[in-house]
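A lone chain, given as structure tokens: the form predicted on its own.
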Amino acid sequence: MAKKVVVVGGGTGGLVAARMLQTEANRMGQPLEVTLVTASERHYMPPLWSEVALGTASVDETWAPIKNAERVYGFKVLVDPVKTFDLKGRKVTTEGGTTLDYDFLVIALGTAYGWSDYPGLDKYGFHNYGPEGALELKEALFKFKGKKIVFLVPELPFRCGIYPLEMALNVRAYFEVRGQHPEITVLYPANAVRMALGEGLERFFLRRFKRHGIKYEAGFEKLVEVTEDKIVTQKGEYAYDLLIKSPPSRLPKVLADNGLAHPGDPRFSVVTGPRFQHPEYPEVYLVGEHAMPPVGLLTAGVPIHNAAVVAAGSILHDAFGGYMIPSYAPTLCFGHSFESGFMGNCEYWWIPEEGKWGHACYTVATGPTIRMVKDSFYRAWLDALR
């Protein structure tokens, strides 16, 4: 009788886990029934939302139909949001009333946004952490005639640690060719660049900020409020004509409602490493953005991809016996840097006494070609589902 795996979430983590499980089981000639459950018919590539804001991509270029995964990879896809998790009974129930039994469960539900957790943050400023927001930011950039642009990171950790640094350089380039030279400031609550990316990549960004006249303000301690023309922190106030903001990360409601909040930090889910398992139910794996910070990882696509590979390999090992569980791989990331790009690599090692991954990062290469590689990868990823 085929083992059953339910994968909840149609983003990067869910797609990678379901794809690896089904394709590897088929390759080995082993029976495995994989069902991916997702709330959306669209599988998005979020980094392309920056391109929407900059006018170099349309919203339709940022997604592909997740149902096509049935044809491309062979697993089942159910578009119906999950309502309840019965971990003891090994059941998942959707809002539409479908109940799925499982032998193994993978949860990859991304993150929610806590815009309303700081006064004014939900009301003022723009972002491109969604297709609608990206279109609004695109219009704001096109119409901008002011002098001061501030990128605000309200708290740590946050989604995609290099985003404000990357986007600040792109926005500088956007205005340079229009003959505009606004003052651009990146506002961090702590020394987040080093914490997230390591000293090598921190130096890379700070050198380019200096070269292109971008201010980097780290350590403002705590955000107090946002008004229509300034950001108020415990350390001081920062005026702006255009605010570009990153969202505070919060646990998706369905996970909070089903008792899956991390006891030490309810913004994220319960999880233990190095295999990304539930501490009480080892057949349950958590690999979404909600599960990265508790084990010392970034809430970004590449770490999630790696976590999903570890989880899928672990399930194949337990289901069929002897499949080699992949180690958590080094993460090679690509970023935009003004008119150019960079390639950075982070290596990881598990620290048992801390229950977290340690890491060291360094710059591999820079150049315009890397920017093209980054964009090509995102578009090819989506093309595989079209």
Ligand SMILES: Cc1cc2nc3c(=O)[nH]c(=O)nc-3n(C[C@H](O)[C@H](O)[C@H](O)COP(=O)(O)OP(=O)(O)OC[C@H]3O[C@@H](n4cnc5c(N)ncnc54)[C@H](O)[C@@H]3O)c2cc1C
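The shown structure was predicted, so the numbers you read here are calculated from the model rather than taken from an experiment. All residue numbers are counted from 1 along the displayed sequence.
One more form of this protein exists, namely the form predicted in complex with this ligand; it is left out here, but the text below deals with it.
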Review point. Counting only heavy atoms and a 4.5 Å cut-off, does this ligand in the model of the complex sit next to every one of Lys123, Phe126 and Ala173?
Key: no
Point to revise | Listed residue that, although this ligand is not shown, lies within 4.5 Å of it in the model of the complex (heavy atoms), from Ser314, Asn306, Thr299, Ser269 | key: Thr299
**Study point:** Contact assignment for this ligand in the model of the complex, among Met343, Ile325, Leu32, Ala39, heavy atom within 4.5 Å
**Key:** Ala39
Check your understanding: Which of 23-31, 45-53, 317-325, 347-355 has heavy atoms within 4.5 Å of this ligand in the model of the complex?
Key -> 45-53
Check your understanding: If you check in the model of the complex, is Tyr163 within 4.5 Å of this ligand, heavy atoms only?
Key -> yes
Point to revise | Close approach of Val106 to this ligand in the model of the complex, 4.5 Å, heavy atom | key: no
Check your understanding: Heavy atom to heavy atom, is Gly219 within 4.5 Å of this ligand in the model of the complex?
Key -> no
Exercise for review: Tell me, yes or no, whether Arg275 is in contact with this ligand in the model of the complex, where a contact means a heavy atom of each within 4.5 Å.
Suggested key: no
Revision key, fill the gap. Across 1-18, the residues having a non-hydrogen atom within 4.5 Å of this ligand in the model of the complex turn out to be Val8, Gly9, Gly10, Gly11, Thr12, Gly13, Gly14
